[in-house]
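Let's start with one chain on its own, the form predicted alone, as structure tokens.
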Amino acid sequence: MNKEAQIAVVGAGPAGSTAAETAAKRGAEVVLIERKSEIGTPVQCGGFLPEAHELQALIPRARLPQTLQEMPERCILRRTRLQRIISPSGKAKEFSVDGRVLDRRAFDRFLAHRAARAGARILPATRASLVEGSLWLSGRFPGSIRPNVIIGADGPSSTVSRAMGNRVGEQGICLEYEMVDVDIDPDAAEMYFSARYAPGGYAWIIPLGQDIANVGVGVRRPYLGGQRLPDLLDSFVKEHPVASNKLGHGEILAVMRGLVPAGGSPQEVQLGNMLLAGDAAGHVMATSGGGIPLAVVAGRIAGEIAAGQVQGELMLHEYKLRIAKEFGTELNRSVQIRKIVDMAMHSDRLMDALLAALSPDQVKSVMRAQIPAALAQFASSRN
């Protein structure tokens, strides 16, 4: 395959497939390149996605694509109505959040199907390398492409981002089990904070059914101190004073691993003819590690800007402005909140005190990247 292409999208996750669909629908010639042999596999995400009305409250200035508002029921494994935060001492704060637990394989395939039907050419099992403005392809569809616009949606270790001169930013590392025969609350997504079981991050239980759940832990490397992630997750399952009562007799059906950007956007999200979207651009809420909503919105914006560029109607530098307008405030504030919470991450005593100072509604506002007075007071007391 050796040809010119107007737009090449690298990575067929939520950001990349959305970008490809959006640009193709606007009449652009689009190629979507994915290194995995099977889009959506292996799964690398807990799969929790708030319902559309919750997303609109989270990112109120964003124009949500239809795919975040409506999706086939086959993509939804479970609907939840509560979010529960468990402190190191085992005390819980819960609040209402209407959520969907996605079958990520089905959801990612759904988005890729839409891109293909819109006219994008899909190249699975194909790796892309940037060489002097061209994309050199190896694998199932070898060759080269010299596109007018390159959209890097190739994850937290993005090849396109490195080609733009960005350093790999701070990342969370995640390990997750799919477990069955567990005694969980099927209506609640739970987050557990503890320096012992999830240093520099949190553990989670996300229900997939009445007795099935994704159970995981996500931390940042500087907090590990020589500990192994599998050991942390096993300890959480077997020894945590609250979680072990729910999980201790369960069976592991699958093991999933992944990386999550934890430091916000890199220095450049647009350079020359290149754009970054999704995990490649650090489009992840640092308060929760949730990246699907921002990835899909960013993919839509990237597709619109790229198509506008090749059609002579928009300029690529407008991408950063559009991102900033639609969700930049919330993204930056989530990183600010994470830095405040970092002050308590090394000490369960401090984390207990911080969570005790926040009402359930205030905890919910923190998860929505808002800074209540109690959190601001905690930050000022630690400075």
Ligand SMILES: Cc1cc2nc3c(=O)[nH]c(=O)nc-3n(C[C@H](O)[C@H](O)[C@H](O)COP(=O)(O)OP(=O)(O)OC[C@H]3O[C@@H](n4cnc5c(N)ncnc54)[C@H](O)[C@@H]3O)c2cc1C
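Everything quoted here is computed from the prediction, not taken from an experiment. Residue numbers run from 1 along the displayed sequence.
Omitted here: the form predicted together with this ligand. The next part is about that form.
Asker: Can you check 326-334, 38-46, 340-348, 62-70 and let me know which stretch has heavy atoms within 4.5 Å of this ligand in the model of the complex?
Answerer: Comparing against this ligand in the model of the complex, the contact stretch is 38-46.
Asker: Flag Thr159 as yes or no: does it have a non-hydrogen atom within 4.5 angstroms of any non-hydrogen atom of this ligand in the model of the complex?
Answerer: Judged by the heavy-atom cut-off of 4.5 Å, Thr159 is in contact with this ligand in the model of the complex.
Asker: Taking 4.5 angstroms as the cut-off for heavy atoms, does Glu190 touch this ligand in the model of the complex?
Answerer: No, Glu190 sits far enough from this ligand in the model of the complex that none of its heavy atoms falls within 4.5 Å.
Asker: Test of understanding: in the model of the complex, would Val366 fall inside 4.5 Å of this ligand by heavy atoms?
Answerer: No, Val366 is distant from the partner.
Asker: Taking this ligand as it sits in the model of the complex, is Ala23 in contact with it (heavy atom to heavy atom, 4.5 Å or less)?
Answerer: No, Ala23 is distant from the partner.
Asker: By the heavy atom within 4.5 Å rule, which residue out of Val182, Ala112, Ala128, Ala307 makes contact with this ligand in the model of the complex?
Answerer: Only one listed residue qualifies here, and that residue is Ala128.
Asker: Work out which of Ala243, Val260, Val297, Val219 lies within 4.5 Å of this ligand in the model of the complex, going by heavy atoms.
Answerer: Going through each option in turn, the one that passes is Val260.
Asker: Using a 4.5 Å heavy atom cutoff, which residues in 81-114 contact this ligand in the model of the complex? It's fine if the answer is none.
Answerer: Residue within 4.5 Å: Arg104, and no other.
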